[in-house]
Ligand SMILES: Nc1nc2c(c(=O)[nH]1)N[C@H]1C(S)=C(S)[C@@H](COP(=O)(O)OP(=O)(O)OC[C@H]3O[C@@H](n4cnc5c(=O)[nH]c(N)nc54)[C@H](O)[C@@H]3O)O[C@H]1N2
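The form predicted alone is given below as one chain in structure tokens.
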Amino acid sequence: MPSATWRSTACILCECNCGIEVQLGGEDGRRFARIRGDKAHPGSKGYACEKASRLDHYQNGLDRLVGPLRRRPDGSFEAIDWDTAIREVAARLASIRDQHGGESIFYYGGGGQGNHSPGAYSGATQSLLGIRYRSNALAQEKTGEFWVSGKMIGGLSRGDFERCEVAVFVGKNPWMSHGISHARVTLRKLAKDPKRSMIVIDPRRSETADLADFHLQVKPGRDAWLVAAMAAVLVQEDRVDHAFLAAHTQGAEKLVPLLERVDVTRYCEIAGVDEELVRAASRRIAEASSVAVAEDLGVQMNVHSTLLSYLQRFLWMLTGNFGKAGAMYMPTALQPLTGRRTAPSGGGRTSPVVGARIITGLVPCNVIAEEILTDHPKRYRAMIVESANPAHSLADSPRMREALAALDTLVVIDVAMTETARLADYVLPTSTQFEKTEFTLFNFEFPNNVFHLRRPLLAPPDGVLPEAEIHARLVEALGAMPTDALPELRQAAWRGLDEFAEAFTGFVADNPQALPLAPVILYRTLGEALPPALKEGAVLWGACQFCAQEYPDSIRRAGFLGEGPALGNALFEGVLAARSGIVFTVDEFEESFARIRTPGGRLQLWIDELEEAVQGLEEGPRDEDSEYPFVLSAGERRSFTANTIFRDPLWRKKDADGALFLCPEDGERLGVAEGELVRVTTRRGRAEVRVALSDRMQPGHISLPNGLGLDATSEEGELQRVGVAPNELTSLEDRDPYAGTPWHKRVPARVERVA
């Protein structure tokens, strides 16, 4: 029977991290018996999609790790104690650092959806080992957008879809992927209001497209021509906001002549979308009082991804849709998503072997294997993987497995025995997201921005540690923890935050070399003075102090009082006290203009590095490959797919093995009926999969879901693989020339019926 007590926490399956409440049950009291939306959460306000109701499959997964493991010479694993694990891991990584430099140790991960404390605490370990190169899932998807946004705005922007007159979704299906507040409620409201409109750019007739006023069903991979044509319509029909351009932008004198030359008719033909429909959608944008635009993986993991991040911004910049209700805005951040409080940019750094552009400190994922599998003296020789699974999630899994096996040392910190953990030299098990204090830094709401520090629902089993404790022990084993200063700082923390702020500030001023270790120092001092259920939240004290320096007026509007450190302390206390989350800033839309961090504080319409790419569209698309006539979208989000923390296939109620979606016309041509097997072949691999005929697909376009193909443990203790792992079919070479993001949504493929 479930407990009568409802406990507040949050969903961890997408960036929205909606507040939920859980009733525990089961024989051991550790099952998630019932789950519902948390009405007290100031952001989600009781909203939650159906996927959250299945979170027991994460918390009680059969692949759960319950103690440190060390690989034997024969490839099997043996259990070891924590002291041995920490001592040996620290020694091996320090040896590699001392012999080859810290830049030879690569860090991948740092937290998944809703699991961001590892990214905070691991900074101390990375600094101490001299790690210079790192990456995570953002480099799979968002770095092209980060780079463009940094160039054009000097920060990240979002759209106000709850108030906009026109919503534009580019390669995005929020009905399934969410990414906007109260996604399905918001979409229904947009669809039902005759004064509002929705424009969806997607090669598939998605669930969001079903609700749209304009579905621009572009040919796969032809989005750049479509969006360029839409921007050209705005210019050629003189539907731009000239007053806004004069007051708030720079570079129109270069951009406008370029768009005037675009052959809209030809571009629409290339895109495969009726020209009159394109013109009507563009005019609807121009006529609207407010427009919000969002792009997502459909274009960010596709050809022209960085270019598309540039082109889509023309739709709202040319029409003046920034800094007002219903349009685009720049949110506050308790801690910036990119880990930097400066404008996101490339920064001029490149990876040591391949020379790939590093954006917001992240090495492109598609070059990691190349950086390892070489005899180059600067190759990566060791890797720390934390809360991530690159052996499954990165392109060309066979090549990635080969690279991971070639490392001198691979250390995995995770909850479950993942595909990557099975290749590791050491596996360090950590608490689940519901067994420790946890938080997310995806804070994008506006005008009221929300932060949620989640308390643990359960005690962790014996043998696992939270990431904060693991990194603190690694720093101690490496002999760098300033143990002499800890008692005084701890005593100051017990006396109150004001005294702690003074003591910690003085300590850092006298010992600037200790600043990179601040996360674990806070954990060992301030964390000891916090209630045990909040200990891992100690690192947020520093984030609150920086936030108070950057957004003092916004924080005061949210009801916090004080100046300087006192304001940061007040914010921190509010974060600790709010079980269902808290509004930490309140803004006016016009404040977005003051947050623009570009020369002259203006939106930049021109990026020199992308001029050639825009002009290159005039040449048309490259020739299609007759050997691979289909376009495979690898990693589609469906009703019962999520990120791969759901390892148990039993969580899926529908489409259990992840069918290949194929249009009926192609099925008839191939002689394939519903439910039959086909063989999908790409330049990199092949797989057999069941077919589901779907009239949502265009001819020549096929899709496989994300989250499948995991080697999960069955109830009998045997490994079983359900469905196709998409990255057995993708290629490292297929990547964006600017950001290196993979082209998972446009994989040339061949489909054949299996007899």
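These numbers were taken from a predicted model, which means no experiment stands behind them. Counting begins at 1, following the sequence as shown.
Another form, the form predicted in complex with this ligand, is not on view; read the next lines as being about it.
Site annotation in the predicted complex: the residue of 122, 104, 290, 206 reaching within 4.5 Å of this ligand with a heavy atom is 206. Scanning 660, 137, 522, 475 against this ligand in the predicted complex with a 4.5 Å heavy atom cut-off leaves one residue, 137. Contact between residue 408 and this ligand in the predicted complex is not found at the 4.5 Å heavy atom cutoff. At least one heavy atom of residue 389 is located within 4.5 Å of this ligand in the predicted complex. In the predicted complex, residue 141 approaches this ligand with a heavy atom inside 4.5 Å. When this ligand is considered in the predicted complex, residue 357 lies well away from it, no heavy atom lying within 4.5 Å. Only one segment in the set 25-33, 719-727, 66-74, 683-691 has residues whose heavy atoms sit within 4.5 Å of this ligand in the predicted complex; it is 719-727.
For the three residues 432, 638 and 706, a heavy atom within 4.5 Å of this ligand turns up in the predicted complex in every case. Of all the residues from 288-308, those having a non-hydrogen atom no more than 4.5 Å from this ligand in the predicted complex are 296, 297, 298, 299, 301, 302.
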